[in-house]
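Only one chain is included here, represented as structure tokens and corresponding to the form predicted on its own.
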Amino acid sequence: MNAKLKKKLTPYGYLLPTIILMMILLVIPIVMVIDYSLYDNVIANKNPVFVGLSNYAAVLKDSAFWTAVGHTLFFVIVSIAAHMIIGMVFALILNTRYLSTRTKGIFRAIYALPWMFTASVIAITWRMLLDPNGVLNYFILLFHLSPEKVTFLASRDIALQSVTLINIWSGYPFYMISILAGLQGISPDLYEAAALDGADAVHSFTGVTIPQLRPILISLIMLDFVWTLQQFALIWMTTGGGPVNATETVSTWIYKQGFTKFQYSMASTGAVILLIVCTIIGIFYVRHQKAEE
């Protein structure tokens, strides 16, 4: 092997272990799931029959699937909107010059705590808080906010909202930290120029802060959309998709199809549909990143 060819191949040699690992843990499982979705019930059936796109037609005709899609859209949209608002507010507070450096450090650590907890810790903590005999119900009865205890996670009327609230609490620090980093990168000269032009705080925020943060905000929304769309652990460990499918999302629907009903082909089909949606968002994210560069 001549020196020139060896020099060209050397970088790929360093990448080879990672490429092999990605093939084994990522590419091959994805191909297998796509293949499963094209057959009659695989794994459970020793001789599965190729059915093409019949599983996709069956999933798209399933009313339970569309109910899960509706719950997922509510869960995702409300979570993203709340993450954005809360993250922006806290980032602006932590970026203000009216707080001392020590105070900012303390509040930054407190506000970032939810992001440091695992899904299991968050689920257990909130199940205790929202329990009929929990702290929240104690204060509700103490201040006469309700004549009886509220079953947050066991009521079909408010279970989905309760789970969404938990997800909002656990996810806003990512927005806060990212937006805070963006705010600290904005040149003070822009605000001074806006002030000289007669802009007040509101106009400075809409005319300077938001445009400067736009690339970060778009990236945050796209990433959060994909992450929230695939959220499973939090929902499963708090409500399990219940009561009576009131908090059923696409991720829990897929899990139940595969590991409760043993309909692995239907589960694979739902997973592929979810993969397609996430891939589309991923393409937009990559194109946005390239456009910014």
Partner chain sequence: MTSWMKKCLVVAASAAMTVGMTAIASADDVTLEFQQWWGVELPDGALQEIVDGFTQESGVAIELLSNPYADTKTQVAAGAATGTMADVVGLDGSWVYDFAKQEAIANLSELMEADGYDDSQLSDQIKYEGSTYMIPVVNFAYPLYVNLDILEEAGVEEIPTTWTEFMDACAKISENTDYAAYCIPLNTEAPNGIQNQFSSWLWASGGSLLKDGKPGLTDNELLANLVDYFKEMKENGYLSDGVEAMHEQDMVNEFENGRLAFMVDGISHLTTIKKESPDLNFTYAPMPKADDYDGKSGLDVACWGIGIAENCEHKEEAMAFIEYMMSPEVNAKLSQLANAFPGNSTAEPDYSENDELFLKAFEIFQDGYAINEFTGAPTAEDLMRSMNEQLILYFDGDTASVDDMLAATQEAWEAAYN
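Numbering follows the first chain given and starts at 1. This is a predicted model, so every value here is computed, not measured.
There is another form of this protein, the form predicted together with the partner chain, and it is not shown here; the text below is about that form.
The listed set 29, 70, 243, 52 contains one residue whose heavy atoms approach the partner chain in the predicted complex to within 4.5 Å, identified as 243. Screening 104, 203, 214, 149 for any heavy atom within 4.5 Å of the partner chain in the predicted complex leaves a single hit, 149. None of 73-81, 105-113, 192-200, 151-159 except one has non-hydrogen atoms within 4.5 angstroms of the partner chain in the predicted complex; the exception is 151-159. None of the heavy atoms of residue 66 is located within 4.5 Å of the partner chain in the predicted complex. Using a 4.5 angstroms limit between non-hydrogen atoms, residue 265 is distant from the partner chain in the predicted complex. Shown alone here, residue 133 lies within 4.5 Å of the partner chain in the predicted complex, counting heavy atoms only.
Interface membership of residue 239, defined by any non-hydrogen atom within 4.5 Å of the partner chain in the predicted complex, is confirmed. Contacts with the partner chain in the predicted complex, taken as any heavy atom within 4.5 Å, map within 34-51 to 43, 44, 46.
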